[in-house]
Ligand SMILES: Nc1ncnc2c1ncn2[C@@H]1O[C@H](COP(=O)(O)OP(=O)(O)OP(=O)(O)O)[C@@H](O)[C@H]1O
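Heads up, the chain below is alone and in the form predicted alone; it's given as structure tokens.
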């Protein structure tokens, strides 16, 4: 169907045509009549088949018709940024697009000024908890990646959001986007939605098994892979690059992403022409300059990028991951070796997808097969519309028997049905409390009706469900989160605070107990850091065989605010893991370098920043509880929050208030003898500029912030400016404002971190 023939606003048509979208894909053409008639819709089609455009048109239709606002819900921050940028292309229509992914304890009234709001599912849940009035103006709800209801971490939140929107705004149109799943009709029934389900793709996808010499596809065609490479991944990757394509390689661990990329790098480098090498070198330099701190991991990654290959995993920080993704989209990086998280992230299609590993380690169950749905998500990245004539998804078999099993399980079988995860204890206590605290339910009958309208209820026996709900309410009553009089339910001040702070009720209990004990013992930063790391909202680091120092630290430290178990107690290992995690945060605020943290704790920059964000959020929650219950540690916690935010010792908190001065520059200024803002007054710009990492530009900025005039430059000023610019280009003047993370970043990154930690 041609775009020009679709009944939609002419201004919208013009924008689509200007972007080169002249025809609709068959699934889009089937879905749009439901969209424009404002019916609920479940669109279950493969990756790159045009789901996003349908969702954008639904949001635009709701806004332009005057029905109200639209909210676009995604699982990840990176996806939120991508959708925000794409929707912003329609701003010429007078539509305001907003984005929000952090600060989960605020209602953010500024969002009311926007017509379309892009946010993570946790942020949408938080807005509901804070009773944002503009939510009642929502006329279109887009739920991207709705099959993640099946995910134990993110799923319950997404399910509850949709359940509550159905009740709050019964007339709102719900557009749910999904991968191809076995029970999409069940989802459509739950949402009272039309179902558009298709296997159609804009680029033909060939799926096959590689046996070491050739690929046997499911359509019974065979492709010989030339060359004498004994390594299967290398043979497949180099074959794709040789014919002008790009490739994604999926492996099951972070360590494997680096090892495989290292192995491929010298071979791929030889395939780059002069222009490609120059672009790769420039991208590598950008990657290095953008690091919050120089690290050996960053240097390794940059060297690989210079050779046209990269690894991608949750250990990289957000800037590093985005740089790799952008380099791949621009065709500079020819091959990415990634963990499966990339398959669920931003749009990064390739000519050929290579899946080396179909098994992975589960902390509770041991070695487990990767679900079919996840493998299909990876496979769906093959084939770039407009670039590739076809896409190939290839699994690697190590024997004939394995080839047959892989073919039967992953290529010829249906994906698993998605199943609600709302029935877990943590999910029920969190979301039942939220429903009561916000006044969404006020009695037993209302609570049952709420639960009855969930996807969980559609899949479960009601009587068993009610039993779990009763147990949950009993738990909340016993711990003073809710009160009941007859069938009436209401939240206590403690319950409302816990819900608004967006923490697990069990975390609130643990934090309150720790704060009570802090009134009677001499505390240290580690006392509070261990308390927050012991909560269920912080996923602790694993203990390694060489982590003997953790046990020594437990024996030496006497100011724990939670009971220390015996070394022979089954809880001791969990306690030790919490201490290790708290020690990481303690080292961060003691200004230990990222490179040292990476080596000591076996983590990456992404892990460090993720833990820091969650720690700041939980300490903020602890401080608010301390204020509410009149505990004396509020000032102590406030200083600790500032230290975590900036990654510094207490003596730098005054200097670090300066714009463009992070912990590295603040430490350099302090080391030069300037220990307060007042001590910088009257100091010549030239004197400040000679401090390592400062330079003239930063020195002038400091003087302006202090309200001082800058004397005219004397002879040689131009040369100094050029030197300062050169310092900036080489990274010598680059500040590590890594500590300046979004305040109380919240659970969107928390959930992402929990999801990716198993790597």
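Keep in mind it's a predicted model, so treat the numbers as computed, not measured. Numbering follows the first chain given and starts at 1.
There is also a form predicted together with this ligand; it is not shown, and the following applies to it.
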Which of 221 to 229, 548 to 556, 252 to 260, 378 to 386 lines the interface with this ligand in the predicted complex (heavy atom within 4.5 Å): 378 to 386
Position in contact with this ligand when the complex is considered in the predicted complex, options 347, 453, 424, 277, heavy atoms within 4.5 Å: 347
What is the one choice in 47, 693, 701, 40 with a heavy atom within 4.5 Å of this ligand in the predicted complex? 47
4.5 Å heavy atom contact, residue 69 and this ligand in the predicted complex: no
Residue-level question: is residue 32 within 4.5 Å of this ligand in the predicted complex, judged on heavy atoms? no
Just to confirm, residue 24 within 4.5 Å of this ligand in the predicted complex by heavy atoms? yes
Check whether residue 61 has any heavy atom within 4.5 Å of a heavy atom of this ligand in the predicted complex, and answer yes or no. no
Given a 4.5 Å distance limit between heavy atoms, list every residue of 658 to 678 close to this ligand in the predicted complex, or none if there are none. none
